[in-house]
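Given as structure tokens, the chain that follows is alone and in the form predicted alone.
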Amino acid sequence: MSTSDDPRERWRQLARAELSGADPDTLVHCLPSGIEARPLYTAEDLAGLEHLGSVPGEYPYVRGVRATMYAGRPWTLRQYAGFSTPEDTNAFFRRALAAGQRGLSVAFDLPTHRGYDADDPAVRGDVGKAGVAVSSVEDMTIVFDGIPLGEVSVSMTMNGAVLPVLAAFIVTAEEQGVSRAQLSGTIQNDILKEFMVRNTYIYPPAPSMRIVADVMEFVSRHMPRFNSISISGYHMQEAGASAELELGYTLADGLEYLEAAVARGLDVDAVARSMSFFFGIGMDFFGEIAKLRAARLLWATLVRERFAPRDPRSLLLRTHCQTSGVSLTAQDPLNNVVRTTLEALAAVLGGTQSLHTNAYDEALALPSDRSARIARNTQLILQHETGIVGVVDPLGGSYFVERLTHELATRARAVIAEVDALGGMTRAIERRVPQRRIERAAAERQARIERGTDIVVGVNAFRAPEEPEVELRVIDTASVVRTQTERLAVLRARRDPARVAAALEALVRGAEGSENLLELAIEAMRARATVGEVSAALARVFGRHEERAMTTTGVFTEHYRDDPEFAALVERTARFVEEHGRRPRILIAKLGQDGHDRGAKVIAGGLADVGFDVELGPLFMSPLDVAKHALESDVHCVGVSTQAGAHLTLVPELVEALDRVGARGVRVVVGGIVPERDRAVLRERGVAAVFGPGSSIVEIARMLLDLLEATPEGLAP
């Protein structure tokens, strides 16, 4: 036995004996974050780490933003929810508060996000599907009926239509007798990430940034208990960003917003204290813990370097976290209870201020009452049964966690430096640099899963022999649209049309000039203008933003380079070209207001690597738009990527529209979140194939070629 004083050398000798002489240093593995991790870390790994030695509540806040953290006050349970109608959402919120939840977080439906009223014919398939439909102060009043807004903290995930939605909330509080100064909570107001990943934007980047600054200005002056912005890395992670990209781009967004506010003449301390952050927490357990610690370290350092605030509270990165949606699997969904628990534990050990835990069935539908209760109880069990709240930063000093914190901070700072070199986040987004980085990371992740490099239990390994029955929430879209349309009709009949018109005209003049647009939006919503009317008035000045997606290619070719099945598919596609005079051509489309395009982009890149001719359509298309595009592009097939639950309405309309425009021979396939019960309905309505979550590129390409070769009519050039 060695008497060496070097712990690593002593370990190597012990390990060699266990490994029959093999070199233990070959046991290096790659974390999901992409960072290589050794099997052993020692005190030697802490050398040179400048953040060591600080205590919780002290700069640079790696160990927590408060000295006592959860020992003094546990994190806030803040479940994100919104169910079809304002009445349903209000009932859910009341039950949640009665069950121990301490903060509310509102999920709005996609038409509301995109600035449309629920009675707009262009959005009827999306109304109430992925959140609550809110078109007016009346809707907002129902959402918070019986909920004292002066006592309950409210978070609202809203960006594109932030002006009318926040204005409606403020007016609702006023009519409850609660002043704006009494309101506590957060408005997301993070438009830059919408241009990167989530796509629920309305206006182009420049006027959108003006709106962000107007909200920050108003809140900093009139709402001292309210956070004017929540800078979101969550949606970047959901779109496929690695930990360093999520961390780097999120903080770069925050710096850009702070610079915009200071340029407006606002005091940096007043603004910085009203900013918060929002991170996704995935299955990279130690990586996510280190990410939150690194975020606090970097934010405190960068804000002090760039803005020199006087108040130390301006350096605090306060964050809400949500367990990952993309880690949830449609296959064997009860496994998601375990995933969510581990992700929630990582968020807590990382030092989050509030937390939302996803329900196990959210890869299939909006959560049922049962699954939502389990998700909420997951946090209650962590708070009350584990004892982890009693120790501040329990992993502080861990050789591995401290080194990983440093490594992630270093990598994220390099990402921020690249953004700075491009002229800031707005310029970087205009040049599509963050989008390309995230899209490639998403394709890399999907390719690793398909090849089995990354194991997902129940999906690509350890599959259940039979899928369990899962109770799913069903939204009756027609009923929601009818209810909301009737409410809007009553609103328009009762309001003063002249007052509404004057308020909207004042909003237009304000957009043309320099008045604070939130102040004007409050007046418009007080006059009973609608979300759609306020958004349309601003669009008269700013226009609506349109962006065409690009396809990232080459990733699947690289990952499948030694795979005979993939090579056979490439050869089969080449034979298709020889026989039919052109490549199999597919239009991949998003219908309605669903801007979640990660799946569409990944599939587009994968099929292109197989040899398909892929047309990736623009976002927010109607069924008729897609049908015309398919005819003009002369495609063999339309692939609809769906995530927001509108497939039963919009996909049958697409099939009918293809027939109307003379493209009856074009096949329609659907992929994404489609519950099993809906698949037979879609096939009966003319859909040729349905690909569920977890379908591989190889499987999809093979089935598409089978489909096209089985029905050869119309394949000639």
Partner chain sequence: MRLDPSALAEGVRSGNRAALARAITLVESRLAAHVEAAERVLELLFPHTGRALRLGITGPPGAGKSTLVDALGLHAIEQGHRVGVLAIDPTSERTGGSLLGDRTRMGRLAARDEAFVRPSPSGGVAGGLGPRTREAMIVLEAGGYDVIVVESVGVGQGEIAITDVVDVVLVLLLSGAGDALQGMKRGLLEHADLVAFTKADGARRAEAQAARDELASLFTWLRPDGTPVLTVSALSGDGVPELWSELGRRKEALTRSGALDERRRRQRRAWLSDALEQQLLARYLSDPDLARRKQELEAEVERGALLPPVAARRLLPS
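Positions refer to the first chain, counted from 1. Small disclaimer: the values here were computed from a predicted structure and weren't measured.
Absent from the display: the form predicted together with its partner chain. The rest refers to it.
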Open item on the list: Is Thr551 near its partner chain? Define near as a heavy atom within 4.5 Å, in the model of the complex.
Closed with: yes
Task: Exercise: Ala122 in contact with its partner chain in the model of the complex, heavy atom 4.5 Å - done: no
Open item on the list: Please tell me whether any heavy atom belonging to Glu615 falls inside 4.5 Å of a heavy atom of its partner chain, as the geometry stands in the model of the complex.
Closed with: yes
Open item on the list: I'd like to check something about Ala604: if you look in the model of the complex, is any of its heavy atoms closer than or equal to 4.5 Å to a heavy atom of its partner chain?
Closed with: yes
- [ ] Could you spot which one of Arg318, Arg473, His580, Arg403 gets a heavy atom to within 4.5 Å of its partner chain in the model of the complex?
- [x] His580
TODO: Scan Arg440, Arg487, Arg572, Lys628 and let me know which has any heavy atom within 4.5 Å of its partner chain in the model of the complex.
DONE: Lys628
Open item on the list: Whether Pro367, Glu444 and Thr453 jointly form a contact site for its partner chain in the model of the complex is the question; each needs a heavy atom within 4.5 Å.
Closed with: no
Open item on the list: Within 4.5 angstroms, counting heavy atoms, which one of the listed stretches 506-514, 170-178, 98-106, 617-625 is next to its partner chain in the model of the complex?
Closed with: 617-625
